[in-house]
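Next up: a single chain in structure tokens, the form predicted on its own.
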Amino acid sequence: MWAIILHGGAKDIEAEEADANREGCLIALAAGRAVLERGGSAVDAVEAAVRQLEADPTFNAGYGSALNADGEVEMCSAIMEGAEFKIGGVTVIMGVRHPISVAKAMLEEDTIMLAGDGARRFAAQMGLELCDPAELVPPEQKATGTHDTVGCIALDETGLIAVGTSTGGLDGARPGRVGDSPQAGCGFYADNAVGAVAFSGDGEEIARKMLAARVMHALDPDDPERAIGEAIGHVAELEAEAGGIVLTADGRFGWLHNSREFAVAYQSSAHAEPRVYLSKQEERR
């Protein structure tokens, strides 16, 4: 079987933004699903889905990323596969179209993560898409503080599970700021024997509490949402918000959040129709 779940961020979604979030998540889901349906790898599916989210200014990743205190776009991204535990990450990278593709290229390197100019130079060496950093700022860019990290988890027909994250960071953040998103064990993790998890929300608190590691240690294949709920409870103690998605090794979905909204879409070979929701309450209706 195959399965895929993704999110567009734990955030406030206003009424006029609802359709864009739903449509954007479904387009990204379709891109990842197409890879899995033709027998492609979970890593390629994650990259395909996240690239779509990075191209959509509805989400805080790639084009439309938040602006730091200097008015610049600094992005972070990571990808991990659960067979050999390969991890690729880039942080505070500027002037690339798709940070997730740079992170994917890093999977074949001994180095786990590159930052700043070094990360962009690596992208250039790999022939990946570069751009003027200003091209990542849409004309209608606005600083709302409500956008957040995107993420995706996929399971392919071989049993490989992969997870990816991408973010434009925080509006007005100090230049060089790194949150949880590119840090394994904090914003994400994958293990074929257990499953995979990806988080979004208040990055510093997610990192302090190492939420992804907590989920992986507590993940129950029969009740994957319990581990997510317990992890979110840890950041709630810090008066912080988070949302998480999980996919078990046998293809079961789980997701929860304590943010107002959390845009999530998922589908598997066992479910003919894609599902998309803007909150857990909406799914439960």
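Residues carry their position along the shown sequence, with the first being 1. Only a predicted model underlies this, so the values are computations on that prediction, with no experimental measurement involved.
Unshown form predicted in complex with a small molecule; subsequent notes refer to it.
Under a 4.5 angstroms non-hydrogen atom cutoff, the small molecule in the predicted bound form has D180 among its neighbouring residues. The small molecule in the predicted bound form is approached by L170, whose closest heavy atom lies within 4.5 angstroms of it.
At the 4.5 Å threshold, heavy atoms of S77 stay clear of the small molecule in the predicted bound form, well away from it. Taking non-hydrogen atoms only, G203 approaches the small molecule to within 4.5 angstroms in the predicted bound form. Comment: 194-202 is the region of 85-93, 103-111, 194-202, 122-130 lying near the small molecule in the predicted bound form, near meaning a non-hydrogen atom within 4.5 Å.
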